[in-house]
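The chain below stands alone, shown as structure tokens; this is the form predicted alone.
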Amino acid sequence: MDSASGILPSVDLAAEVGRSDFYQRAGQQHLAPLWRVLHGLVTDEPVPRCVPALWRYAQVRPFLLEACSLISTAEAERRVLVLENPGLPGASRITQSLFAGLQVILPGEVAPAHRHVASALRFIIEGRDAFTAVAGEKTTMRPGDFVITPSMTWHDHGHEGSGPMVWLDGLDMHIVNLLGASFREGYPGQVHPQSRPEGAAMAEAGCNLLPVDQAYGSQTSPIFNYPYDRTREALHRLSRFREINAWHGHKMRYVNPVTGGWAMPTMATWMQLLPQGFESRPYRATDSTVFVVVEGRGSSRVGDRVFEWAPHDVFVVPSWVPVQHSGRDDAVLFSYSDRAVQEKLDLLREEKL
């Protein structure tokens, strides 16, 4: 194969010169020869355009606070700094399929209500007493919480405490846009009316019980806030009796209690514990993965790069690039990827090295 052009190795390159008139005339009919691009389209293995990258929160946070002095939530609608993968500049992508950005809201501010087809996750980085309201129910957000905004549900955010509130937004908007399925609406008012008390979703579906008279048609979990204190306790209990996984440490996935599947239909989400001194074996998979450091310090070797990380840092592992994690302290990592989509389409491949 001509690596620059993707032309099949069996194609006579000298003869290609004589075909230029044919290609020009075919192009006028919006036709193109597959044999000139086939190997660039169907590659021998993944060729991700996103690259390994690390965002240190200590370096990013000053920009978030400066943004608060430059633009209001009313003007910005969502005051977010996008985490742009260096291999995908200007594309608002942290991986080829997923979005990530850090959103900040100050006391007394409201991020106005809207809804869209793209599903969103919020992973809370810092702050207290801010809330997100989803489909008429408010939930107070705390660091380490994993919060879901399902597709086409009204949602707004507010802050009733003190100090800045920061969370990571993860969205599947690039999958939605690839399929040409994006819709968005702004709500007529600043906030959507509350129709359910806080904690209603957890009461209905968070105790291994479901109301007998309620049907769940959505593929998204009816629990839209998975509190960190419960998640951390689950990891701790697991680590007390279960043999550690050599490639992942103690790793658990967030699930939809109705179906047992992923909590979100397009994005897979996990939390994992790396005990102090643990070093994982190399692992790679076709789902590019975004990691957020919740607790502890450590390092990750991603391909030929080594990232030293601390709490609140964010890093990304591209498709089919080997990764190894090492916990200097007891470390906890949250992560998300498009694995939920890849599994449904029988595309996922992984390898424990």
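Quantities reported herein were computed from a predicted structural model and do not represent experimental measurements. Residue numbers here begin at 1 and follow the sequence given.
Keep in mind that the form predicted together with a small molecule is missing from the display, and what follows is about it.
Contact between residue 226 and the small molecule in the model of the complex is not found at the 4.5 Å heavy atom cutoff.
Although the partner is absent here, residue 78 sits close enough that one of its heavy atoms falls within 4.5 Å of the small molecule in the model of the complex.
In the model of the complex, residue 198 stays away from the small molecule, with no heavy atom inside 4.5 Å.
With a 4.5 Å cutoff on heavy atoms, residue 131 does not count as touching the small molecule in the model of the complex; it lies far away. Only one of 116, 93, 192, 159 comes within 4.5 Å of the small molecule in the model of the complex through a heavy atom, and that residue is 116. The contact residue chosen from 139, 269, 103, 73 relative to the small molecule in the model of the complex is 103, the criterion being a non-hydrogen atom within 4.5 angstroms. Residues with any non-hydrogen atom within 4.5 angstroms of the small molecule in the model of the complex fall in just one of 216-224, 238-246, 168-176, 254-262: 168-176. The candidate spot formed by 99, 122 and 155 is fully in contact with the small molecule in the model of the complex: every one of the three has a heavy atom within 4.5 Å.
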